[in-house]
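There is one chain below, alone, in structure tokens, taken in the form predicted on its own.
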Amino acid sequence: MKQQVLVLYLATSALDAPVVGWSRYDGTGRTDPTTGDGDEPPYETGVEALRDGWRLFQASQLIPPYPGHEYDTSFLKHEFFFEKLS
């Protein structure tokens, strides 16, 4: 059994929020995705990925910002990992 992984970064912590960034990894060897190989996200939301058969296996922990740093720029906080097995 081989695994494909899809990482979606969403605008908020809700799975129906818009995708703002993504990464794909293919352990099957059928495709060779790379950073920047597309301008459009593979799905508009995390829910669309679920409907297409991707299984959610990890979501980022929600950590509130330190007081006074609510608007600092940092990493993308709402990261969701999906998988397909084949």
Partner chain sequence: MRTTLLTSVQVAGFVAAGYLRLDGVVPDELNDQAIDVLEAGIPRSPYGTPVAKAFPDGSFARRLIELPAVAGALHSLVGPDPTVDHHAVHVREPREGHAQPLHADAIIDTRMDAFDVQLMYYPREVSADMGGTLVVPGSHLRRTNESDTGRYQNLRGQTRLTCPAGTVMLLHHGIWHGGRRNDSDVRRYMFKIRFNPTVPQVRLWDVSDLEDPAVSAELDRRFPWYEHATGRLEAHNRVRLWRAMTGDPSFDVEYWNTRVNNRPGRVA
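Positions refer to the first chain, counted from 1. Keep in mind the model is a prediction, meaning the values are calculated, not measured.
One more form of this protein should be noted, the form predicted in complex with its partner chain, which is absent from this view; the next part is about it.
Although the partner is absent from this view, Tyr66 stays clear of its partner chain in the predicted complex, with no non-hydrogen atom inside 4.5 angstroms. In the predicted complex, Val20 approaches its partner chain with a heavy atom inside 4.5 Å.
Within 4.5 Å of any heavy atom of its partner chain in the predicted complex lies no heavy atom of Gly27. Using a 4.5 angstroms threshold between heavy atoms, Asp52 stays clear of its partner chain in the predicted complex. The candidate spot formed by Asp16, Leu62 and Glu83 lies out of contact with its partner chain in the predicted complex, as no residue has a heavy atom within 4.5 Å of it.
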